[in-house]
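In structure tokens, one chain follows: the form predicted alone.
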């Protein structure tokens, strides 16, 4: 997967000019909101449920080291093999070495955002191992060599005609535009891969510290083929996936499924407590849980950003984001998109490299309102901007050029005192007068050009609001 976070502006314009995508994104927010609102209305106290979910995630992250140790101990007692990986390279090598030892030729995979981060599919392919995504959306994205469009629906933007042509190319089947027919074609193709697979790889939605269990959530049932059919199951888990107890996990599950798809519970919830035991008819002979850092301890060590590790990857923040709902997921240039992508992508890849992402936000707070983990996205956007403005080597941010720093310093000085603020307002009105035509400002030069490139600005009022208010004009509109 090519990382293209530097291409945000270009790819955002491509999204805006894509008629099919614009039509789709015009409908999605309404559908997602209706589904989420209805599913949360079935809870006795939705607000209290969200507050408890946020508290669970805060507790999980606050005591992350202790819960990880407890999880490892219980998982090993259950018969699982725990392997720790410091970074993506080490995690890939662990899995590839294991596949070689087991003489694996074919792998089936369940949906996993972490393995997308790791570029695991490419690494396995480069080592002569066939790997197939089995979630239908992920399968389509894999075959098209694209990044996920949405964290929950990675291919929801792909037109049916494009999918039909893809299936003809990949599977050699007869072309059909019937949705049921396309699903059956994919099912038939993947069932053969399930029969051939010697190893199954999945992600982990939650890992329960006090039981050593891992929980996998799905709607298609394909994860069960990858965990129960092959002799070896490899679960790839980020360190942040821990929850303290099974009761906590079940509560977070209620919020996860409602926030993802508006379901009270997903079609399949898999609770895995190790490999199959003696006398059990199905399940893997061996379970390996690869626990990956991949930059997460760096985030954990920063008190400003630690809260983002609470994210449960539900996608709710994307569904309500006015920016994502205009430009779509590809513009973000990597695994994660929308508000959470505007935070995670810069933290994983560098603040300088991905600076366009956290500047392309409205700070409206809709993401914060729906987040079941209680993440304060707007505050984190501002913190990212602050660190870039001042320069922060830890996060790969260079200081802004001197001219920009002086401009923002002057702005801060000007608005921090009432007298200076009023004087600046008068000066600004005077400076803008030459650009007013027909009651609007259609074009500004230099640094202000971005404000008028796609829209007009209203001309400043002849008599500003503060003066009208002080003169007693409180009931007038002119």
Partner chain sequence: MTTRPTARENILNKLREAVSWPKAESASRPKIGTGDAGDPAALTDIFETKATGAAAVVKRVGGISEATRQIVSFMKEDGLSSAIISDEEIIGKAGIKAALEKAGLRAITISSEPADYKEACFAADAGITGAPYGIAETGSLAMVFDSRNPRLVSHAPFCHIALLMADDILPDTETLVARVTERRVPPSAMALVTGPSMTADIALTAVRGIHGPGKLYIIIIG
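Residue numbers count along the first chain shown, from 1. Quantities reported herein were computed from a predicted structural model and do not represent experimental measurements.
The discussion below concerns the form predicted together with the partner chain, not included here.
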Can we say 170, 352 and 357 each have a non-hydrogen atom within 4.5 Å of the partner chain in the predicted bound form?
no
4.5 angstroms heavy atom contact with the partner chain in the predicted bound form for residue 450:
no
Hey, in the predicted bound form, does residue 143 get a heavy atom within 4.5 angstroms of the partner chain?
no
Test of understanding: in the predicted bound form, would residue 251 fall inside 4.5 Å of the partner chain by heavy atoms?
yes
Heavy atom of residue 86 within 4.5 Å of the partner chain in the predicted bound form
yes
One stretch from 120 to 128, 403 to 411, 375 to 383, 174 to 182 that, in the predicted bound form, holds residues within 4.5 Å of the partner chain by heavy atom:
174 to 182
Assert contact residue (the partner chain, in the predicted bound form, non-hydrogen atom within 4.5 Å, options 166, 113, 364, 136) equals 136
Work out which of 55, 428, 34, 440 lies within 4.5 Å of the partner chain in the predicted bound form, going by heavy atoms.
55
Using a 4.5 Å cut-off on heavy atoms, which residues of 156 to 172 contact the partner chain in the predicted bound form?
156, 160, 163
